[in-house]
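Before any questions on binding or motion, here is one chain by itself as structure tokens, the form predicted on its own.
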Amino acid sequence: MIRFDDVTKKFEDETAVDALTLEVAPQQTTVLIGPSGCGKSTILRLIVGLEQVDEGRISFDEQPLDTWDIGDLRKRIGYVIQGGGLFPHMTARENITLMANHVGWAGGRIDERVEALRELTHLEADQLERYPAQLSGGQKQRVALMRALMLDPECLLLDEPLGALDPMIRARLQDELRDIFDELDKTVLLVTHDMQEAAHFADTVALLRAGRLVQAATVDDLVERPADPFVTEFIRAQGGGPSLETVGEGRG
């Protein structure tokens, strides 16, 4: 669904993405993981056209990204930024339906889609009329996910979608989010810094360091067949997180 061919992105003298070659398989969940500053969020921004590559090429659905009409591309890609990015002056419903109204969906179609997504994400009906400041962290993330899914995109990008939540809410939403991914059967590219969370979601984990791809593999392969000593070091450095043995009990 998405392919990076020798992609480099620099910000002044800093290289955020360095000669990245990576394939994101269709209808699977690929997780980008690595230390802070390794280029994870920049990769998502490059896909949706918020940043431009300096070298190399990105393709979406076998078509070079620079040949896409940006409006058409963004209808096919749902994007959840860090913290959800909800507009504070709009209700949850207004946030969710923003793009559907923009592209001219009829009111009845919008209402049907909102109800289907509300049931999918387990959001209460009365919460649709609240403003973001009136919602809990978990509720905001559900609304942000509904907004990203509103136009029924083929691909979903999520940047640390659960990073700001407390551990109990985060664990519950991890299970719910994985069920949603399985039910929708979409291409998902998810950013996290947590190896246990990566194991929970991923068909493939792409481990990055300083903008370069270290290894893209299943969780089991990362644990049992690391391509570089950094792979093992990164997993062990999770601190209170999973050990080498427990990480391998994820989807891989």
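Sequential numbering from 1, following the sequence displayed. Predicted model only: the values in this text are computed from it and were never measured.
Keep in mind the form predicted together with a small molecule is missing from the figure; the text below concerns it.
The shortest heavy atom separation between Asp220 and the small molecule in the predicted complex exceeds 4.5 Å. The small molecule in the predicted complex comes within 4.5 Å of no heavy atom belonging to Asp203.
With a 4.5 Å cutoff on heavy atoms, His193 counts as touching the small molecule in the predicted complex.
Contact between Pro35 and the small molecule in the predicted complex is found at the 4.5 Å heavy atom cutoff.
Three-residue candidate spot Ala16, Thr42 and Gln82; every residue lies within 4.5 angstroms of the small molecule in the predicted complex by at least one non-hydrogen atom. Put simply, of Glu154, Glu176, Glu160, Glu94 only one has a heavy atom within 4.5 Å of the small molecule in the predicted complex, and it is Glu160.
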